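A lone chain, given as structure tokens: the form predicted alone.
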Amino acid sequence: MRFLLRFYVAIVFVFIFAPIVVSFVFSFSENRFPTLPLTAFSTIWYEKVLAEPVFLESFRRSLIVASVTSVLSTFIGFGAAYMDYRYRFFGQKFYVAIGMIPPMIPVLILGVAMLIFLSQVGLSGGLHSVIIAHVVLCTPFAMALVRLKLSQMPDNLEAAAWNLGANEWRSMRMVVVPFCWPAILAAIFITAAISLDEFAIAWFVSGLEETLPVRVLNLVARQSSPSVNAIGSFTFTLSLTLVVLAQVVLVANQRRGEKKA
């Protein structure tokens, strides 16, 4: 039974990562069209991407969006998680459920809804539109990570700080934030990775300010270019690095807690 489970998990991973590996391999082929066996190793497509101002500008926009989104969504997610942790109020479970809804909505529907809303308030068609939409999408992930960390905090930790003379803001700064810092860092990395990869919502609301995934989508729609493999490989590596960093932070913090215990 255990062998079958491991075999099933291996098949799932192969199914998920095989297209990514193939794209990564062909990004180093000098041929314009993917063929096997590879004729020669080449970085020509990476050089072409780096020499193309349009791609560099799209990547710059993606970095700006991901950076701002990660900070804002983590800040909002932290506040939402702390409110759920510290206070008891009517409709609390509904409050948490509402906060977790955006990732459950199909991105096409969420993209259309954000386009309609932002158009109504005059905020559509720019990087700020993508940032707003991505904050809506990413905040629940940050909230979930911080809620998990807050659930591990002793109930009397803040009360001890208050008894020692700290007000609520000082105890927040000196006790709660340091305790949640690993989850906050992990949330920043995770939300940045999500924002870097997201293209459907950005395609609806970005207007002429294309992020890198939107640029790739438009390129694929018009022609078949090997540059897409190079861009995809680079973006995947960057996103995977952020996810790995988040995991490293959480695992290191967990092991540190086990040693203290």
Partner chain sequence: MAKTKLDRAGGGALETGRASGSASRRAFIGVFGGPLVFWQGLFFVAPLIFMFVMTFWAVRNYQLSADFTLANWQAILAADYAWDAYLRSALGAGLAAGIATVVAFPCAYYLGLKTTPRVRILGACLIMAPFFTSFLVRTYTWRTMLGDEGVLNAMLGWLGLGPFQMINNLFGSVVGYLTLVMPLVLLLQLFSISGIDRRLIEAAHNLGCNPFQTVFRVIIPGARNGIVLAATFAFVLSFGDLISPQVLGGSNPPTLSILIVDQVRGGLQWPRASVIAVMMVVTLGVLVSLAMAFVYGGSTKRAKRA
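Residue numbers count along the first chain shown, from 1. This structure is a prediction, so every number in the text was calculated from the model and none was measured. Heads up, when I say rigid core I mean the largest set of C-alphas that superpose within 1.5 Å between the two forms.
This next part talks about the form predicted together with its partner chain, which is not shown.
Among residues of the shown chain, V248 is not one whose heavy atoms approach its partner chain to within 4.5 Å in the model of the complex. Proximity of V146 to its partner chain in the model of the complex falls outside the 4.5 Å heavy atom cutoff.
Although the partner is absent from this view, Y46 stays clear of its partner chain in the model of the complex, with no non-hydrogen atom inside 4.5 angstroms. A residue is said to contact a partner when one of its heavy atoms sits within 4.5 Å of a partner heavy atom; L50 fails this definition for its partner chain in the model of the complex, lying far away. Contacts of stretch 97-126 with its partner chain in the model of the complex, defined by any heavy atom lying within 4.5 Å, are made by I98, G99, I101, P102, M104, I105, P106, L108, I109, L110, V112, A113, M114, L115, I116, F117, L118, S119, Q120, L123, listed in sequence order. A displacement of 2 angstroms or greater separates the C-alpha positions of V14 between the shown form and the other one, with the rigid core held in common.
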